[in-house]
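The form predicted alone is given below as one chain in structure tokens.
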Amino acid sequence: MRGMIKGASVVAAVMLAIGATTGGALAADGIKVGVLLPLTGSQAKFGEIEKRSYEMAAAEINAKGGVNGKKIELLFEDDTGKPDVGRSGVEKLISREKVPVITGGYSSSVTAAAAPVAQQFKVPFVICTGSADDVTEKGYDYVFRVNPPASEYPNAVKSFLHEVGKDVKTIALLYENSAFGQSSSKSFEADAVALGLKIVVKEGYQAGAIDFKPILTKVKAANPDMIYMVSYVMDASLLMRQSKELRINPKMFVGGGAGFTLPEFAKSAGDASDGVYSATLWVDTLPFPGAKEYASNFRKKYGSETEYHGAEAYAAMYVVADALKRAKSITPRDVRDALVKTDLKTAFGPVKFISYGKKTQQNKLDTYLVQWQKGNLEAVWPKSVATKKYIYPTPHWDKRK
């Protein structure tokens, strides 16, 4: 009961602050935009690449006149990868900073906790990454998502299996026990069944595990044709290093996005990353306006590679700026109304918020398959976007040069 009273008090205070003024959204020469990201903690690498991408996009927009002459001022809130911290961060951005719009949202668990806060206080939240399907299945009218939902990540994987990996008959499914991991694994399991594939091992694990060998020993005994993993970067790296140690030799190692596309994955996994496939939402060779330029500019500015997480953030910033420019006024309601009418070509792909199935205000995009080859992440499927031909089946560890 005390918790309910305390929570109600916080809500009342926030609502009072919002009702009192919207003037806080407009500084003397700028417009505040709230950004929720994991800047510390186990997901900080993702937060870093997205923060840099938001900053790049905002700098480009401001250099071209900003939002109708007003510069964008980014206010970052560190969610530390924890749902309760993310929720508090959104409340702070709304009550104290009085932002007219919030963007960001990396992990699904944090995004799922933050979205209802934005909805309750009627401040638009433009999600760039949090992908658990149910985030856009609540009927929220102030929540928008630029990236595809988790269930659509494996679409290119399914196409590849149908056309190339026809000899894959059995699968081991390993996933982190998080909102993203559970949502992704559940949907991929359904996809596998639809393809006539047999799940011979299905194991969830807690993030940050230091020994996957008990799970991987089960996988080796089952001898699956394919191992599909839904993991963040450090877990992804360790899974592959220990798979090499145990000499597990499926026809394919496949990551469900997340940690398998980051440059840190290849650095941490070393040569154990070679040949690993991953679902992805973007590659810089796609024919989207500004895609190559974004990747090139990121590389020049930071001396490192970007990938789909960065592209999502970069595009989300442009989506927010576009809505702010078209809004009748810089108020949450008018910004929300402008977002509903979004129809924008971005470096990440076209963005248009639609409703389909159970989802509302969800952008719909194609997905792709990439593969690590000699330390480089190459697009391999579909053929129309390939930068290198796929290596299939994956060579046995003992036969690699």
Partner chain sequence: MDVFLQTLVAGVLKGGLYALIGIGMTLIMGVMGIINLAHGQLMMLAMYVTFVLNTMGVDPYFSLFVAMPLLFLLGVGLQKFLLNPLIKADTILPENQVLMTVGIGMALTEIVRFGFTSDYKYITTTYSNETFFLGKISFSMALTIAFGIAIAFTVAMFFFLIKTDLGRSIRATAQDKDAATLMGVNTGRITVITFGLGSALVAAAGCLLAPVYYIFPDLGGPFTAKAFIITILGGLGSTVGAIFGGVTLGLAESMGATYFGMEYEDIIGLTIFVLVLLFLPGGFKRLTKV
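Positions refer to the first chain, counted from 1. Quick caveat, the model's predicted, so the values are computed rather than measured.
FYI, the form predicted together with the partner chain isn't displayed, but the following is about it.
By the criterion of a heavy atom within 4.5 Å, Phe253 is excluded from the residues contacting the partner chain in the model of the complex. Among heavy atoms of Tyr205, some come within 4.5 Å of the partner chain in the model of the complex. Using a 4.5 angstroms limit between non-hydrogen atoms, Arg326 is distant from the partner chain in the model of the complex. The partner chain is not shown here, and in the model of the complex it never comes within 4.5 Å of any heavy atom of Val193. Contact with the partner chain in the model of the complex, judged as any non-hydrogen atom within 4.5 angstroms, is confined among 312 to 320, 298 to 306, 264 to 272, 164 to 172 to 264 to 272. In summary, among the residues Ile215, Leu286, Ile330, Ile72, the only one with a non-hydrogen atom within 4.5 Å of the partner chain in the model of the complex is Ile215. In the model of the complex, Val233, Met234, Asp235, Leu238, Arg241, Lys244, Glu245, Leu246, Arg247, Glu264 are the residues of 226 to 264 with at least one heavy atom within 4.5 Å of the partner chain, listed from first to last.
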